[in-house]
Structures are given as C-alpha cells and as structure tokens.
Ligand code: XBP
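Starting off, we have a lone chain in the form predicted on its own, written out as structure tokens.
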Amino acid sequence: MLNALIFDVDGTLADTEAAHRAAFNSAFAQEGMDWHWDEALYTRLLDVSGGKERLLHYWGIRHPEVRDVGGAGVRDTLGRLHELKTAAYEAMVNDGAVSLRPGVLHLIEEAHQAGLHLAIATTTSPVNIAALLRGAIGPDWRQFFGIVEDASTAAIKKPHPMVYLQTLRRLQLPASQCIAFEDSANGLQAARAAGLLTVITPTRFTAAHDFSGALKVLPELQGVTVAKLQAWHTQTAA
C-alpha cells in the first residue's frame, strides 16, 4: 500500500539549478574572485552533491597545490562564499526567478487531501527550502510536509542513502510503502539504496544521467495523479 511520497528539492520540485549557478557566480564576483561557472562546468560539478561540497571540490581543482583543502583557512573562505551564494539565491527566489515544475503543486495538494504522508529528503540547506516553498506554496508550506530532512540533518550527501534512511525512520514506514521523486543519478542511487521506488523527472542539467532502475522517467509531473502512482506501485509490488 502506498502511504508516502518523498521529494527531493533542487531539480525535482523546481528547476533551480540555473538560479543556483547564477548565485554562485554572484558570490565569486562579490569576493573579487576570478572563478566563473558556465553551464557546461556547472553541469559537471553537479556530480558532487551539496553546495559546500561542490565549492570544496572545485577549490581542489583550482588549487591542487593546497594539500589541506579542509583546513581552517579554506573552510572560512568557502563558508563565506556559501553564505553569499545563499543570500543571492534567496533574493532571486523572492524576486520570482524560480517556480515549481509543472504538475508538482497539484500532486502535492492531491496527495495531501488523499491522506498520504509527504516528506522532503534533500541535500540543500533549510534556508533554500524555505525560500522556495514559501514563495511557491505560501507561508504555511509546512502543513504539507510534516517531515523535512536536509543538509543540516544529513551529514553524508547523496548518493549515500542517509537522508532517505532518516526520512523513513521519521515516517515510521517501510520503504515498500513509499515513492521517492528525484531528478539526478545521485538522487536515484540514494533512493534505491534505501529501498525506494523512484520517479525521475530530469532537467537539462541531468538529462544525460543514467537512470537505470527508476520506476518511471518522465519529462515532468504534469498529469501524474495519486491514482497513477498507486497503480504503478501496485504493479511493481505484484
């Protein structure tokens, strides 16, 4: 029996990556750095989950001579960059630069009315989640999502299943009663490692990823209903 839907955020609930890329570049400019992430580079960097982790990875590429890339000086610099990036992203979201993907809000509302549990399992920060959903759903967005697991609660990022395992524990449901929604290969690997059936809606940043093992790969969630999800879930369990 299908009892819960678990959503990733970036790329899944909303196609946020263009705004994230612009926010990173804004932070670099504010700090007077010569870094600039074009779309091709950013697409490759998305193989690393988590904004702070992405910055640390790129620092290692740009400064291979720095052996202790986790040292206090580097951490302080990257922490400041991430704070600037987060502020820039929040401003963009508040200005309406990002919206939910087609079909997402309708499915959330229908699932909520049908009594399904709704949860978020993401590697993004609580600030980013709140900015997006406050603007897209309203100040009472938490009435839909009783459980939110994010970068502040899951130390090990996707493709590790930590964030999904924690979400399942808080839901007090087995993976067999849930469906996850993702947009990337890392997300799919994390969800599958936690035993979850997973619906994928790629973006242009993740369209070339390997989605082998997904329950469905769809261009968007427009037209996806609770009844369809229940049917797919039942067919797979049969």
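The first residue of the shown sequence is 1; numbering continues from there. All values reported here derive from a predicted model rather than from experimental measurement.
Keep in mind that the form predicted together with this ligand is missing from the display, and what follows is about it.
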inquiry  = Within 4.5 angstroms, counting heavy atoms, which one of the listed stretches 28-36, 42-50, 57-65, 196-204 is next to this ligand in the model of the complex?
reply    = 42-50
message = Considering non-hydrogen atoms and a 4.5 Å limit, does this ligand approach Leu221 in the model of the complex?
response = no
key: Touches this ligand in the model of the complex: Asp15 (any heavy atom, 4.5 Å)   = no
key: Lys158 within 4.5 Å of this ligand in the model of the complex, heavy atoms   = yes
task = May I ask you to check whether Val9 falls inside a 4.5 Å heavy atom distance of this ligand in the model of the complex?
result = yes
note = Checked 20-44 against this ligand in the model of the complex; residues with a heavy atom within 4.5 Å, sequence order, are His20, Phe24, Tyr42
